[in-house]
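Next up: just one chain, as structure tokens, the form predicted alone.
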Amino acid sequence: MTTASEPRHLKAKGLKRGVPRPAKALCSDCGLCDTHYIAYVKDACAFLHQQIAELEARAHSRRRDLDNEDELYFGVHQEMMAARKIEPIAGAQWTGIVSTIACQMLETGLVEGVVCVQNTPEDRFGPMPVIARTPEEVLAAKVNKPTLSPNLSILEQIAQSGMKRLLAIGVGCQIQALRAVEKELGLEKLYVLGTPCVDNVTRDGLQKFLETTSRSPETVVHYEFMQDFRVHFKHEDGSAETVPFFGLKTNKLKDVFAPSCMSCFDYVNSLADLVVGYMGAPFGWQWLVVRNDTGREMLNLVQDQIETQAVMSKGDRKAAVQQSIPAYDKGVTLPMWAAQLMGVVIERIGPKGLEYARFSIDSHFTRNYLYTQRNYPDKLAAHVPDFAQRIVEQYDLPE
């Protein structure tokens, strides 16, 4: 029995799977509403209450400096670098930095569990959130699951387990909700390891993307949109396949992405302690963003297992971004020969390093701004963060 003085979530009950969520079509299926922490959804959901600036101040002890271009784009941080493991993990999506950090945190006793995503027994891309207690369970979660994933559906297990020190791995919308309810979890310490995220899909949407884009959709193990302006597919037999961005069948894929992702402005996972992705690094390297002292503590655990180099920035993204706006808006798809040629040219003369990251952010923010403006005009002013507004204002947008 609960009393009036007890926390709201102890009086609430999560929704069953399949029941519409409070964010309706904009739900990113982060998993919060599967639990009794749904009591906080109006404040916690990234698509009901955008509060990145407030949560940045809470997580990092300050807000981002909007007059500093690096912070405007990449959020609060102490340091950025490019890195890769000296001895990569076999079968990892890249070299396995995320998995290595998680394993080290368990092995050193820094945390008692790791929130991560394994795949379901039936489907290599079917997300199955778990709290991993051993390195073996962490390694079973290696490789991205490029679909909407209810990571926070395991929140009730935290209190039931009695654990007090936890590492959570997730993407921006999940982490915003997690940060909003962090103080209700009863933890002594929460570590957050984030990955950048953009253009997520439902499982059906993923299947359409694979069938539309890959030569062998049934054998794809993982894929990524990379800095060389190509989608890189890895197949079961170890072979690689690349498809130029400009050869994607945009006219068929334009509506495949989740509405939540089409209205998201947290590509870089602003609220994580440490971010590991690829977008700001040279091809073959990972981009690391240390946001605060907690992120530094996590990175220090694996410092002797990685090689690093300074981030670099080269080229000018703005003309390419401006040209991409109407191309995406109209669903332009080039013949493959033209797409291959354009890919070669842009790889040679196009933006690289942090400038490529800005290109990607600009391209998605302008697209998402238009999507939100057209589909949710009443939400636009409150939903678009100040940093995203500044970025979008650099470009001429169609009506």
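Here the structure is a predicted model, which is why all the values come from computation and not from measurement. We number the residues from 1 along the sequence you see.
As for the form predicted in complex with a small molecule, it is not shown, yet the points below apply to it.
Asker: From the candidate stretches 236 to 244, 206 to 214, 322 to 330, 170 to 178, select the single one in contact with the small molecule in the model of the complex, where contact means a heavy atom within 4.5 Å.
Answerer: That would be stretch 170 to 178.
Asker: Run the contact test on Val256, Pro259 and Thr366 with a 4.5 Å heavy atom cut-off to the small molecule in the model of the complex and return yes or no.
Answerer: No: none of Val256, Pro259 and Thr366 comes within 4.5 Å of the small molecule in the model of the complex.
Asker: Would you mind picking the one in Asn292, Thr95, Gln104, Ser153 that has a heavy atom within 4.5 Å of the small molecule in the model of the complex?
Answerer: Filtering the options by heavy-atom distance leaves Thr95.
Asker: Select from the listed residues Ala83, Val76, Leu187, Val276 the one whose heavy atoms reach within 4.5 Å of the small molecule in the model of the complex.
Answerer: Looking at Ala83, Val76, Leu187, Val276 one by one, just Val276 meets the 4.5 Å heavy-atom criterion.
Asker: So in the model of the complex, is the small molecule close enough to Phe265 to count as touching (4.5 Å, heavy atoms)?
Answerer: Taking the distances in the model of the complex, the answer for Phe265 is no, it never comes within 4.5 Å of the small molecule.
Asker: Report yes if any heavy atom of Gln286 sits within 4.5 Å of a heavy atom of the small molecule in the model of the complex; otherwise report no.
Answerer: Looking in the model of the complex, residue contacts with the small molecule include Gln286, since a heavy atom lies within 4.5 Å.
Asker: Tell me, yes or no, whether Cys116 is in contact with the small molecule in the model of the complex, where a contact means a heavy atom of each within 4.5 Å.
Answerer: Cys116 belongs to the contact set for the small molecule.
Asker: Hey, in the model of the complex, is Pro282 touching the small molecule, heavy atoms inside 4.5 Å?
Answerer: No, Pro282 stays farther than 4.5 Å from the small molecule in the model of the complex.
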